[in-house]
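Before any questions on binding or motion, here is one chain by itself as structure tokens, the form predicted alone.
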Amino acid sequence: MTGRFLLLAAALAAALLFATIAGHDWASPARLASALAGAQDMESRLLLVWRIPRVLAAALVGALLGLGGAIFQGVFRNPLAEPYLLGASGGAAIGATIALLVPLGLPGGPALAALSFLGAWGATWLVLVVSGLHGRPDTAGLLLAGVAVAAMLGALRSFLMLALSDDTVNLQVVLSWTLGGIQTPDLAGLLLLAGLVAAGLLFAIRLAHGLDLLGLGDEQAFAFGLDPARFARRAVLVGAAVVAAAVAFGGLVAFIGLIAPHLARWWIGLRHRALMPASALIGAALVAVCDGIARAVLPPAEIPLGLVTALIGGPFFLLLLARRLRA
């Protein structure tokens, strides 16, 4: 198991290296080494001040999405559960839109975080209520409810943007979040994001044993001393918080929460104590690579990150759905 995690760490390091040298102007490994050694030319300073913090932020957002996907798939016992498809990402985006466009009289950062969390949590529970009234909905019911809720949230977000904005910078920020995109954070923002990832991983690992029991079925989980309904509420709360943090820093980035846990399950196994950190590592590598591709494919323009992940994740989701329907 240790060897497998070392390989995942090596894959993440390779992804970070690729993402750092990729872009409108590709940087050679030698140039990167020179920048890290303290070179003061303009290209080196741009690498240190702009590109490397953005790459690290992309990896941290990917780690949050991987964690969120692993939590949702575990608590719903459904391998097709994903924050974007279940409406959690859309709900967080609604909260972020309100925080940006409505003068609430609160500090921007705390308001953004709080409303993003409430939106993600409320949207997830709405999907559960619509699909099964807190029962265990089947795959088709869960996906249909998620698509319906996501569509309503998208329409509501568009209405808020039209009704509350006036071609200001705030509108551009909301639009960029809708398409997904990593902004280069300052040091304080990067440290905050790293702290959120660490906290999310800690809480996710504490859910691991309960998720393993939940996978045995409600009756078996109850026999082992777990209250399935109470545990599910707590797990959804943690998952919503993780997704809200990812949306606040990276916008709507689809399908990473679906792909990363599947790859981790294939590589590590089904036990959630190992699955959680593996999903975070894989999600970090995927988003870092996709962000590098978004910056490099059509210079000097930049493709929205959410478009890149959707082009990769859409076929992956269809393949999983087809296999599940044939089973």
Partner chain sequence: MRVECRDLGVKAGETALLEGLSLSFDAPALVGILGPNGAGKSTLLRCLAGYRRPSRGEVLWNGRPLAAWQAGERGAICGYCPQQFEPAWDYSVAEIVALGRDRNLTDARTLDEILRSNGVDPLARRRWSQLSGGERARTMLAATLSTEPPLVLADEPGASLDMRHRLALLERLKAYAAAGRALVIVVMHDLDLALRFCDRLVLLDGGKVTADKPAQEMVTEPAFEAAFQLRLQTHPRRVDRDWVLGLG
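Being a predicted model, the structure only gives us computed values, none of them experimental. Residue numbers count along the first chain shown, from 1.
As for the form predicted together with its partner chain, it is not shown, yet the points below apply to it.
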Check: Among M42, A301, L270, A30, which has any heavy atom within 4.5 Å of its partner chain in the model of the complex?
Finding: L270
Notebook entry, point to check: Which one of F203, F222, W125, F231 is close to its partner chain in the model of the complex, taking close to mean a heavy atom within 4.5 Å?
Noted result: F222
Check: Using heavy atoms and a 4.5 Å limit, would one call Q73 a contact residue for its partner chain in the model of the complex?
Finding: yes
Notebook entry, point to check: Any of the heavy atoms of L226 lying within 4.5 Å of its partner chain in the model of the complex?
Noted result: yes
Margin query: Even though the partner isn't displayed, in the model of the complex is L213 close enough to its partner chain, meaning a heavy atom within 4.5 Å?
Written below: yes
Next item on the list: Examine Q183 and determine whether its closest non-hydrogen atom to its partner chain in the model of the complex is within 4.5 angstroms.
Entry: no
Check: If contact means any heavy atom within 4.5 Å, which of 283-291, 53-61, 31-39, 262-270 contacts its partner chain in the model of the complex?
Finding: 262-270
Notebook entry, point to check: From first to last in sequence, which residues of 1-27 have any non-hydrogen atom within 4.5 angstroms of its partner chain in the model of the complex?
Noted result: none
